[in-house]
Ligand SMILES: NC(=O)c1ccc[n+]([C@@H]2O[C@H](COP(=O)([O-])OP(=O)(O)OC[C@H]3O[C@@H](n4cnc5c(N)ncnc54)[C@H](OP(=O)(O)O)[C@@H]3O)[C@@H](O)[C@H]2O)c1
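Encoded as structure tokens, the following chain is the form predicted on its own, with no partner shown.
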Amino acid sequence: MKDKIALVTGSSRGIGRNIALRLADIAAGVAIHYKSDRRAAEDVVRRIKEEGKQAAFFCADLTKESGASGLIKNVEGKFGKIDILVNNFGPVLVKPWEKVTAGEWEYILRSNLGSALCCVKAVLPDMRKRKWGRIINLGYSRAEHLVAFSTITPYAIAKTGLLILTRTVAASVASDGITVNMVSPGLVEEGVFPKDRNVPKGRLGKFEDISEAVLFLVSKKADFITGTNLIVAGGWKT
């Protein structure tokens, strides 16, 4: 993986930040994406460069198709290519469904689902030319369960849609040497918690738990794994 370039969306903080730092351990360079917190993005870049790896930060509004396509173009212009795309960008809205406004509904779906679609569409042409690529979409541990989500309704719908998108794209690009998978966290430290926090494993998830799953799926060991949803939840609600 020493010659690979990775892009992690929403990587100035939280899970995205940790994924970016871990990918920097195995890749040649990492592109850091942020929407508003430039200082945090600069800090991630600084840490990666201190390890002797390539890094740069990019600002983009991924809720717009032009923002997503522009981000891919700018990263490819800087690094020459994108081998690994991790779609991590996407906030969660905790609010009773009947109080969610039309604007909030659209924003959550655009940021969690629409942004991934646009980034995938923009990055695939070059991956197909090189016959190699790894795409990881960050989901939610209950995305496969069609049950009621009264306080995170648009978020749950977006992540379920992202799983369908993941498997659809995976099947269509498998012959091009590209794998597309989803990593779905459960209850993670510093995250949003429901009333039921009974994790069978006995602890909340850590950022490192998610990052290690991503590293496995982009590795050579996972070359035959595509269209998979890897749930990293310690047995919570699975």
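This is a predicted model, so every value here is computed, not measured. All residue numbers are counted from 1 along the displayed sequence.
Unshown form predicted together with this ligand; subsequent notes refer to it.
Remark: I136 does not count among the residues lining this ligand in the model of the complex, judged by a heavy atom distance of 4.5 Å or less. When contacts are judged by a 4.5 Å heavy atom cut-off, G227 does not count as touching this ligand in the model of the complex. A residue is said to contact a partner when one of its heavy atoms sits within 4.5 Å of a partner heavy atom; G29 fails this definition for this ligand in the model of the complex, lying far away. Residue contact with this ligand in the model of the complex: P96 places no heavy atom within 4.5 Å of it.
This chain is displayed without this ligand, yet in the model of the complex the stretch 105-113 from 124-132, 77-85, 145-153, 105-113 comes within 4.5 Å of it by heavy atoms. This chain is displayed alone, yet in the model of the complex one of E50, E42, D176, D61 has a heavy atom within 4.5 Å of this ligand; that residue is D61. Looking at 22-49, the residues that come within 4.5 Å of this ligand in the model of the complex, counting any heavy atom, are H33, Y34, K35, S36, D37.
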